[in-house]
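There is one chain below, alone, in structure tokens, taken in the form predicted alone.
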Amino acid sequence: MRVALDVPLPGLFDYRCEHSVAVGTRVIVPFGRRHMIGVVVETPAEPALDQASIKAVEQVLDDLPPLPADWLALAGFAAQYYQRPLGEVMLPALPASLRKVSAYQGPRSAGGPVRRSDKRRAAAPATVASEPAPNLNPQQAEAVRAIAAIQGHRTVLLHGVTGSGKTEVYLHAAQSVLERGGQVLFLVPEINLTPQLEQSLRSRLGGPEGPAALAVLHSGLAEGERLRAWLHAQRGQAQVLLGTRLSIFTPLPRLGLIIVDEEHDASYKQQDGLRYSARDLAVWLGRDRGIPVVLGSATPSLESWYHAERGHYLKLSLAQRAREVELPKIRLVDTRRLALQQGFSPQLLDALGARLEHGEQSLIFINRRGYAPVLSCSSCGWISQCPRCSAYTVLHRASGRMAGHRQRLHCHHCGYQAPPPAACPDCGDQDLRPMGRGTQRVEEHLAEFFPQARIARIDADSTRRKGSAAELFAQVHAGQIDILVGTQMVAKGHDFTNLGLVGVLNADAMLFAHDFRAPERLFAQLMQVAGRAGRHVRGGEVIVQTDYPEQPVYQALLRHNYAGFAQYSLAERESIGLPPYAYQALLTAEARELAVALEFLGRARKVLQDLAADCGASLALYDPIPLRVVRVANIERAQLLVESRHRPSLQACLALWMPRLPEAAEGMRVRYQLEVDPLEI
């Protein structure tokens, strides 16, 4: 038999067994000095090696049926497309306990993790009152009818303005599939979006099957919780699987519909290991299983919009809000000639005061956590720098009653922490000052401006403890918070019933980024956070402070004009040959010295250049260059970008290139990683 193992080596590994073993079965095998769990992928009649040299399988794991053929096909496609060994796709996709030898061997194994999980009684979810479905408006009803009429596979792009009731369309489409006995996979980009959707799903799609009818799966779950949810889905007990990107690899025997909410979100792209896009794999899986896939967003990715405009996807539009409230009014405040108070314009402060007087909530959005981006010396220009990275350290204030005003310098790249120096390390001046603002400093200033207001901050620092994000959002929904300060965690998916005002600080930071996708990300981010305002209250307002109000991104935002922004951006990309009019792959290299990383990439470029010439493929090979943040944790990093107008040509060349890269790295201490369809360059 041929087995896939989670090792960074190409190909499968031959083992022998006394009896036949079905494809998809997990087995424990010796590998060097280790013992590993692998997945049987092939059972050839004759081995490729001499029988005497082939090691025997130690244990066949029979606590689960073999992984199904459609799951193996998805893993095979992902391995091929993203140029990774099959074992590095299959094994990490399983719950951790299903791929640990220690979970099956030893005195405490107790028959393996599946049997142990089955013996435990899962805690019943909180009871959620059943809710009747609201009446659909004509556009929602038409979208539901169009999805229900799909026979076989079709990818649907559901483009709806914020607050247009896309979730209601999802629920109706899911209900139709459940009534036919099918299962629904519901993907969301971030963990903090699952509690609100989970409540909606339980209240509307509960059914008689009880708690197991809905399974929730994300990386924030404990190992046992994740295994239990995975088993419910794999056994067909869960009718609906709600989860983040890792859920795409969960076997679902009766899968009838895939929903990808906020399909534009970069969180659907894995940024380490197998760098897959869950959205793109969802489209492939829908085609393979012959089922509809619904991609929903108020700001679709330009790639999805491109496919919809050309008829590859079915485009459905929700152009008005579901409730009888208008889209929020957007104001651009030109800050070039304004005297700001701690970063706040008079217009924004007045608007915050007015909302407080009316008993409405406000949201201040700044996509920068911490107290200040840097600590600086005004005498000599010294700036707090991470000693291990080519990046600044961010000033943070410790939180909690016992912390007082204790401060730390944090590097957000490598995790380095240190107390701020008492004096400038270069000139000795003790007058060190924070430059710029993060969420902590904004929260502090708001408390000074509005001492009577109840203010909360939601960012990665304030939500580290498990369940803390859900608690904070529950306080907002309960009306216990007057002003919410947050990063992108609060920008999408949340339905705040009493929020009338959104203020945006520091939006200009993304305007002039080197990445060609920066304007698309900025527009999506601003449209999404603007959509939190006025969803249930009239007179919703959004105030964006900017030094560049004439920029096309802001002008499109002012008119809520996604279609216009997309048309302008796609025309711009077509003129210079950028995705979706071209396909890209990015090879990154890491070494102790930058020269080594660049030399490796230079060799790799030459190899690919020769391969492309031999194949007659048209590739654009850029020069190797250092990354923007070139050093992280004392490791230097560089990149090589490869482009082609023809995806099959690019894929064919990459498949030939990858086996040749170890040769290019010979004699060098260098690590490298290939990413297909990179989102950040």
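Quick caveat: nothing in here was measured; it's all calculated off a predicted structure. One rule holds for the numbers: they count along the sequence shown, beginning at 1. So that the term is clear: the rigid core is the largest set of C-alpha atoms that superpose within 1.5 Å between two forms.
This protein has a second form, the form predicted together with the DNA, left out of what is shown; the following refers to that one.
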| said: Partner absent here, but in the model of the complex, which of 628-636, 644-652, 60-68, 45-53 has residues with a heavy atom within 4.5 Å of the DNA? | reply: 45-53
| Looking at the partner-bound form in the model of the complex, is H19 within 4.5 Å of the DNA by any heavy atom? | no
| Given that the partner is absent here, does G32 sit within 4.5 Å of the DNA in the model of the complex, heavy atoms only? | yes
| field | Contact test in the model of the complex: R660 vs the DNA, heavy atoms, 4.5 Å | value | no
| A664: touches the DNA in the model of the complex, heavy atom cutoff 4.5 angstroms | no
| note | Looking in the model of the complex, the residues of 659-676 with a heavy atom no more than 4.5 Å from the DNA, listed in order, are R669, R671
| said: My question is whether R16 is one of the residues whose C-alpha shifts by 2 Å or more between this form and the one not shown, given a fit on the rigid core. | reply: yes
| query | For R99, is the C-alpha shift between this form and the one not shown 2 Å or more after core superposition? | reply | yes
| message | With a threshold of 2 Å on the C-alpha, tell me if L654 counts as moved between this form and the one not shown once the core is superposed. | response | no
